Structure formats: C-alpha cells, structure tokens
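Read the single chain below, which is given as structure tokens and is the form predicted alone.
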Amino acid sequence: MKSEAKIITIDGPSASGKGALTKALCQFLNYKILDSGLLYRAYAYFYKIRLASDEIKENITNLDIEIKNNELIVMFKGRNLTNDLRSEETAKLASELSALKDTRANLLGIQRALNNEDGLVADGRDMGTVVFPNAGNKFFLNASVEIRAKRRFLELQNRGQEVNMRDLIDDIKQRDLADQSRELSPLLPADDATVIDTSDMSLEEVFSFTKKLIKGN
C-alpha cells in the first residue's frame, strides 16, 4: 500500500479558495495535483455525450491535467476541454452525479491511483474523509456564501460567461445543502483537519498560514 504521508488534502465547499491554495502548494512543494471537482466534471461531460461507464473511466484516466500560467488546463486527445468542464451546465450535472454510488465508486480508484512518492495535493469535498483518510496533512476551507458567490461571479465573468449574482447565491446554497445532506461522502471536515475560514483572507494569507502547518516537508 502506498504511503499517504506526502498527501495534503484540501476540502471544502465551492469557491472557498481550495483551488487557488491547491495550485499554490503544488507549485511551492513541486507536488502533483488532484482536482477532484474537475474529475467529476469530466465524468459529467462524458456522461452527457452518452458514453458507457467503462469508456468514461478510461477517458478520465487519459486526461492530461497541468498548471499553465497559474490555471489548470485539461487536455484530452489533443483537445482543450477546460472551458467545457468549467461551464455551469457541466457543474450542475456533476453535482447531481456525484451523489450517486456508482459515480463515486468509479472515481475513487482513479483518484487513489494518483498517489505516488512525489507528493500529492488533493482538492475536493471528501479527500480527507474518504479518499485519503490517512493523509499527512488535512485542511478544510470555508467562507460565507456571499463571498463565495462574489468569487465565482468574477471567475465566470473573466471567462466571458454571463452570470447573475442572485442566481449564483441560490445555486451555491442549493449545492451546499446537497453536499452536506447526501448519504454518500457528505461534505464535512475530517476529525483531524484544520478548518480555515477564508472569508476575510487573501490567497497569500491562506497560503502562508497553511505552509506553517504542513508537517513532514
């Protein structure tokens, strides 16, 4: 069994700052990245085009995910899927599918297979509770709904997508409720996770605080 000592898990709800912190830590530590949200969105994307379960799993395994200019880029067979996976339509379908037992079972093995001796920063909602329960370092990020909606608004606006703040707030509340109340892998901090409220913190402040707490590096 592979060691989980060099795994850092960063869990929390949408737009809490997980992605930015994950990228910063990966670049600082030269660790691999696991963005579970992107994997679920990829699952939703391939599901939407009516691929069979085995085909979906194979395609996800063959995704090429890397950080370029501080952004995660997702390539599949030479095609850039990043914008397709970041759309609100794909996000909503991914949220629905993530509550299904088969979806989570299909992705669990793929996520765990990314663990190696080079180190891994895993961003998600159940990384520290289910996927890597023995991770060496665990963090749970949160922020107010309004702050998270504002962050999401600016992110989508920068991508040229039309968004409505009130709709974003309602959507985030609905996703939170669904994530927290689902039977399988509900959204909650691991017992040994450090909980960080990022509402009034900059990325630099969250990054600096987290670095000080990381053990074994």
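This structure is a prediction, so every number in the text was calculated from the model and none was measured. All residue numbers refer to positions in the sequence shown, first residue = 1.
Separately, the form predicted together with a small molecule exists; it is not shown, and the next lines address it.
Worksheet item: Can you pick the stretch from 98-106, 139-147, 113-121, 73-81 whose heavy atoms fall within 4.5 Å of the small molecule in the predicted bound form?
Response: It is the stretch 98-106.
Worksheet item: Tell me, which of Leu168, Cys26, Ile60, Leu38 has a heavy atom within 4.5 angstroms of the small molecule in the predicted bound form?
Response: Of Leu168, Cys26, Ile60, Leu38, the residue with a heavy atom within 4.5 Å of the small molecule in the predicted bound form is Leu38.
Fill in: Arg175 within 4.5 Å of the small molecule in the predicted bound form, heavy atoms
Arg175: yes, in contact with the small molecule in the predicted bound form.
Worksheet item: Taking heavy atoms only, is Thr198 within 4.5 angstroms of the small molecule in the predicted bound form?
Response: It does not: once the small molecule is placed as it appears in the predicted bound form, Thr198 has no heavy atom within 4.5 Å of it.
Worksheet item: in the predicted bound form, does Lys48 have a heavy atom within 4.5 Å of the small molecule?
Response: Lys48: no contact with the small molecule in the predicted bound form.
Discussion item. I'd like to know whether Ala135 contacts the small molecule in the predicted bound form, with contact meaning heavy atoms within 4.5 angstroms.
Written reply: Judged by the heavy-atom cut-off of 4.5 Å, Ala135 is well away from the small molecule in the predicted bound form.
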